[in-house]
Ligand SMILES: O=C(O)[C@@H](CO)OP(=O)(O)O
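Okay, here we've got a single chain as structure tokens, the form predicted on its own, with questions on binding and movement later.
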């Protein structure tokens, strides 16, 4: 019971997220975020993903002067590189540990793979390993823009982190950190060695905690509970950006990204439990005509096989080449 109450207390706070990317950029990415936020209501329950369609009737609340940048947008998903506790084979969950040297290299390699894909906005979890991955990946991007984490936890934080140069803002990419994209909370398993835990509780029991959809570890989250918060946040905050033509990068974790992929690819609870994501390997989707089209595979193909040719990506690459010439 304590587990459920704790999870409900956390998820009840999800509507409090109020990032201000438009304030940072002075001119909104597309449509003022405050206006967009008023149009959405979370309808999720503990066992049902939210029924949210952020692209219905935008003209009712959005000024006519704001137009979509394009009829399609790129969505890039990256699972963070190897962390210090991954290396030690420990259950990490929501414990905030950084990347290993290998993890840093994986993040940089991921950045090289997406260096020609447009990025307007970055979302990460609140955990350092995901944030490091996003920042390191963007050091390889050909746009040469600087990712800057936005702070809206207080009025003072917003004021102190304000960028006053319009030219600098144009050369920056807003980064929104959200706890809803955190790794699944593993409860009493966090910090335990995985092999030793299997010896203590039995291989089958630990397998159920790690891979089943509905069964949570002691005082932790099931994948279903993780999916509720991650997908709700995706629909309420990220999908609207894609609907208005903004290109988005998400750097997060195995379980939060599996939850989002389950939603994007319409996987069943059985199918998602067998989905494995490689660390540091980007996965690309194109959002067009209110549909998500996968353009990459989570099983680790080469770059040539990951990114399918689209007219918009070709135009972006040409424009990028001209600006860097």
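Everything numeric here is computed off the predicted structure, so don't read it as measured data. Residue numbers count along the first chain shown, from 1.
Form predicted together with the ligand: not shown, discussed below.
Look up in the predicted complex whether residue 90 has a non-hydrogen atom within 4.5 angstroms of the ligand, and give yes or no.
Contact check for residue 90: yes, within 4.5 Å of the ligand in the predicted complex.
Classify residue 186 as contacting or not contacting the ligand in the predicted complex by the rule of any non-hydrogen atom within 4.5 angstroms, answering yes or no.
Because a heavy atom of residue 186 falls inside 4.5 Å of the ligand in the predicted complex, the answer is yes.
Verify the contact flag for residue 255: yes if a non-hydrogen atom of it lies within 4.5 Å of a non-hydrogen atom of the ligand in the predicted complex, no if not.
Heavy-atom contact with the ligand at 4.5 Å: present for residue 255.
Partner contact for residue 211 in the predicted complex: the ligand, 4.5 angstroms, heavy atom:
Looking in the predicted complex, residue contacts with the ligand include residue 211, since a heavy atom lies within 4.5 Å.
If the cut-off is 4.5 angstroms on heavy atoms, which of these, 145, 194, 156, 219, is the one near the ligand in the predicted complex?
Result of the distance check: 194.
Within 4.5 Å of the ligand in the predicted complex, heavy atoms considered, which of 86, 109, 115, 172?
Partner contact (heavy atom, 4.5 Å) among the options: 86.
Choose from 229 to 237, 161 to 169, 137 to 145, 78 to 86 the stretch whose residues reach within 4.5 Å of the ligand in the predicted complex, heavy atoms counted.
Among the candidates, contact is made by 78 to 86.
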